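Only one chain is included here, represented as structure tokens and corresponding to the form predicted on its own.
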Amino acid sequence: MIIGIDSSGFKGEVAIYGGGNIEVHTLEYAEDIPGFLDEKGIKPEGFEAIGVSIGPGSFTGLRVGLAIAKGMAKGRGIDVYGIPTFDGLLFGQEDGLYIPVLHARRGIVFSARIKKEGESFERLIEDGVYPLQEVLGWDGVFIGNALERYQKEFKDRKKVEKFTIADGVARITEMAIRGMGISAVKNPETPIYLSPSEAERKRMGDFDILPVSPQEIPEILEIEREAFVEPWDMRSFLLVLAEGEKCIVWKVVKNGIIAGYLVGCFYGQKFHLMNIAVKKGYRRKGIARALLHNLLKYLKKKGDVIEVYLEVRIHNEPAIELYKMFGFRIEAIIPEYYKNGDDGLLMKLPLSGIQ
């Protein structure tokens, strides 16, 4: 038996898949899924695997869904498979060109433009956070919970109004454990949020992300020295700035103060993310996440970058968890990568989707 869970939207869904049959139940709260299964006499000991949607979707909902899946699997030798929400949404649909739309916040949706052929999903526009008005200009069939939230805007549009996600999550999980090449993340650690939570946005308040000028390097250096054991020097920053459009050097300005920055460069079809740092007093306010979110959105729209990669100290757990949250995966350990002898981790994120 395979269980599929979706908690990316307004309610919770659970699919029970076994013996060629599948049944899907919608619950008011995703937290009720374990109790619901128990009431039906369905025990975790009988699960072959658990599939769960890992994003995009509700910040809180995704965390709850993954926690439920991990809780039921813990200590029982059951694998959890993280399935991209949009793949689960579209799996049971006919072949065609689709625009999944999930409500994110007022006037903003999680969306993509996806060509479905059989059991494959080609991202023509990558999963991301987009203004609703921009998405309404895309060509395709709309599907997702934003249709309910924005009925007026989607009136007279081509759309699919009846759909489930947990059904597709369960079926994709079944294919993944059979080794059939379906995209999935085995035993995921964090969901793919794509957007800061509402609480984080409130803490952050108003800020701007802008290019750094040479005159601002001394202020950037102060943050660099606060944040890193082996900080860059003035020359290193100036060399990157001198590369022009080959590199990105962005700052976050909040209340007239540079609160953080990001540095990275293009190498062919790959982008090397070299540095993200946040000023003391502005940490844990979602600034690093905002920088990373805006970078990935920019690279996806640019269209010619297929992968982002970075190196991070093996002991820098906050940074590693941040990168995992956005879908980066550890590719290798680099022995003694840093001057002080610390090992580094090579992490990569393919922009063509989760593989």
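Rigid core (definition): largest C-alpha set, two forms, superposition within 1.5 Å. We number the residues from 1 along the sequence you see. Just so it is clear, the model here is predicted, and its values are computed rather than measured.
A second form of this protein, the form predicted in complex with coenzyme A (COA), is not displayed here; the remarks below concern that form.
Trainee: Given that coenzyme A (COA) is left out here, which of Lys155, Lys186, Lys246, Arg105 has a heavy atom within 4.5 Å of it in the model of the complex?
Mentor: Contact residue from the list: Arg105.
Trainee: Heavy atom within 4.5 Å of coenzyme A (COA) in the model of the complex: which of Val312, Leu37, Val308, Leu66 fits that? Just give me the one.
Mentor: Looking at the other structure, the residue within range turns out to be Val312.
Trainee: Heavy atoms, 4.5 Å, coenzyme A (COA) in the model of the complex: which of 24-32, 287-295, 44-52, 57-65 makes the cut? Say which one.
Mentor: Comparing against coenzyme A (COA) in the model of the complex, the contact stretch is 287-295.
Trainee: Any chance Gln93, Arg113 and Leu147 all have a heavy atom within 4.5 Å of coenzyme A (COA) in the model of the complex?
Mentor: Contact check failed for every one of Gln93, Arg113 and Leu147.
Trainee: Taking coenzyme A (COA) as it sits in the model of the complex, is Lys159 in contact with it (heavy atom to heavy atom, 4.5 Å or less)?
Mentor: Looking in the model of the complex, residue contacts with coenzyme A (COA) do not include Lys159, since no heavy atom lies within 4.5 Å.
Trainee: Classify Arg283 as contacting or not contacting coenzyme A (COA) in the model of the complex by the rule of any non-hydrogen atom within 4.5 angstroms, answering yes or no.
Mentor: Contact check for Arg283: yes, within 4.5 Å of coenzyme A (COA) in the model of the complex.
Trainee: Does any part of Ile276 reach within 4.5 Å of coenzyme A (COA) in the model of the complex? Heavy atoms only, please.
Mentor: Yes, Ile276 sits close enough to coenzyme A (COA) in the model of the complex that at least one of its heavy atoms falls within 4.5 Å.
Trainee: Is Gly303 a contact residue for coenzyme A (COA) in the model of the complex, using a 4.5 Å heavy atom cut-off?
Mentor: Looking in the model of the complex, residue contacts with coenzyme A (COA) do not include Gly303, since no heavy atom lies within 4.5 Å.
Trainee: Select from 224-244 the residues with a non-hydrogen atom within 4.5 Å of coenzyme A (COA) in the model of the complex and write them out in sequence order.
Mentor: If the 4.5 Å heavy-atom criterion is applied to coenzyme A (COA) in the model of the complex, 224-244 yields Ala227, Phe228.
Trainee: Please say whether, between this form and the one not shown, the C-alpha of Leu27 moves by 2 Å or more once the core is aligned.
Mentor: Moves: no, less than 2 Å.
Trainee: Return yes or no for Gly286: a CA shift of at least 2 Å between this form and the one not shown, with the rigid core superposed?
Mentor: It does, since the Gly286 C-alpha is displaced 2 Å or more between this form and the one not shown after the core fit.
Trainee: Rigid core fitted, is the C-alpha displacement of Pro318 between this form and the one not shown 2 Å or more?
Mentor: Comparing the forms between this form and the one not shown, which are aligned on their rigid core, Pro318 does shift its C-alpha by 2 Å or more.
Trainee: Regarding Met325 and Ser8, go with closer or farther for their CA spacing in the model of the complex versus this form, the difference being 3 Å or more.
Mentor: Closer in the model of the complex, by 3 Å or more.
Trainee: How does the CA gap of Arg289 and Ala112 change in the model of the complex versus this form, closer or farther, if it moves 3 angstroms or more?
Mentor: Relative to the displayed form, Arg289 and Ala112 move farther apart in the model of the complex - a change of at least 3 Å between their C-alphas.
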